[in-house]
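For reference, the chain that follows is the form predicted on its own, supplied as structure tokens.
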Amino acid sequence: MSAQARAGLRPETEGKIFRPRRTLWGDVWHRLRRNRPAMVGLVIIGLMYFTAIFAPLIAPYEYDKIDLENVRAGPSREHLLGTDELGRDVFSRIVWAARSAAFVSITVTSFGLALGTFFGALAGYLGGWVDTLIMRLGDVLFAFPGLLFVFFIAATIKPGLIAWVKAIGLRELARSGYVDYLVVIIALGLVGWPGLARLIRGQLLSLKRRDYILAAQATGVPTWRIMWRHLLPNAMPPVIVAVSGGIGGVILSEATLSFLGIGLQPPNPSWGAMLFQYYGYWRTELWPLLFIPAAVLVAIVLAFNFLGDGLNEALNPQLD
């Protein structure tokens, strides 16, 4: 008896190579890595977060170190991209700005995702007046242009937040610039959650009518267990796509706020603040000081958009 017969294989399967079946996320990765723009975006995103983590080792100088003997100097061995009007190393500020962008993107996305998941799950599963109340609140926020509403929130809460921090005796914290980060996180997070809530609500409205959900309800499974163990995990694929594509918008919004003087301000490093500081150089020999941070910002935003499109195709094989 042959080895195939002893193994219980049919004759037509002889000579074929059997591979273990991939998991769901293994299939997603297999489809994603065939998308070249998405993989290029993933590499650029990885470089940004790598730079953010190891900024103290990559940057040759601190972002706020002033060298008045090298003001507006061109590229050199000591300063790879030159210096600004205060003698600060431009390359170091770009590297440290990556840490600011990474921190803001993670915190704002986490804040918005937590709010969107909570309110979206309540609206989609409970329905009734809870659904109506949450969705009408979302409609009120959608009625305002997103970026203008962010400007309004940031400009409104920043003076009061600084005054409150000083009133409780944390004047050093107010002067350190960390309040700027808090203002950006609150403003972008409050504006970003309604879209995620509506997306999660739509997913739950379709999932909660499935047979396995109805069976769990019939057997007396607690509501919170059905929501967290069955509904939300199955609603996550489109949420992952939305979040991955939206992080680029968060970074661009932070740069816009900083450019307009509402977000991160010097000495805090920010690509948007650098664009405002250097935009007057575009007619001088120091024009690269303006275009380098602009090119970095464009590359990061496009990278997240490419990754979001790639994840959308990978998580929805029917689009192929």
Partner chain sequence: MLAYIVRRLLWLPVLLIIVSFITFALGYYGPADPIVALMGQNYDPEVAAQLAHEYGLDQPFGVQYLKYLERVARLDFGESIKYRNQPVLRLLIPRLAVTIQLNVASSFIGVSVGIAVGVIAALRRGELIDRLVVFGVVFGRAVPVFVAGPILLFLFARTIPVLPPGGWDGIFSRSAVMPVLLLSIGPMAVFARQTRAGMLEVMGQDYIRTARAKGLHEMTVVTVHALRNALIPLLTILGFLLGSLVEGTFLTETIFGIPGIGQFAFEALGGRDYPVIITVTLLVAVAYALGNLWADLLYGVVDPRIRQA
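We call the rigid core the largest set of C-alpha positions that still match within 1.5 Å between the two forms. Keep in mind it's a predicted model, so treat the numbers as computed, not measured. Residue numbers count along the first chain shown, from 1.
We do not show the form predicted in complex with the partner chain, though everything after this point is about it.
- The closest heavy atom approach of Phe103 to the partner chain in the model of the complex falls outside 4.5 Å.
- Residue contact with the partner chain in the model of the complex: Asn234 places no heavy atom within 4.5 Å of it.
- At the 4.5 Å threshold, heavy atoms of Tyr61 stay clear of the partner chain in the model of the complex, well away from it.
- At a distance threshold of 4.5 angstroms between non-hydrogen atoms, Gly195 is out of contact with the partner chain in the model of the complex.
- If you check the partner chain in the model of the complex, you find no heavy atom from any of Ala121, Ala218 and Val241 within 4.5 Å.
- A heavy atom within 4.5 Å of the partner chain in the model of the complex is found for one listed residue only; from Gly74, Gly177, Pro159, Pro222, this is Pro159.
- Between the options Leu148, Leu126, Leu205, Ala167, the residue in contact with the partner chain in the model of the complex by a heavy atom within 4.5 angstroms is Leu148.
- Stretch 275 to 283 is the answer when you ask which of 62 to 70, 27 to 35, 275 to 283, 48 to 56 has residues with heavy atoms within 4.5 Å of the partner chain in the model of the complex.
- Taking the partner chain as it sits in the model of the complex, the stretch 245 to 265 comes within 4.5 angstroms of it through a non-hydrogen atom at Leu252, Ala255, Thr256, Phe259, Leu260, Ile262.
- Relative to the superposed core, Ala114 shifts its CA atom by less than 2 Å between this form and the one not shown.
- Trp164 is among the residues whose C-alpha shifts by 2 Å or more between this form and the one not shown once the rigid core is aligned.
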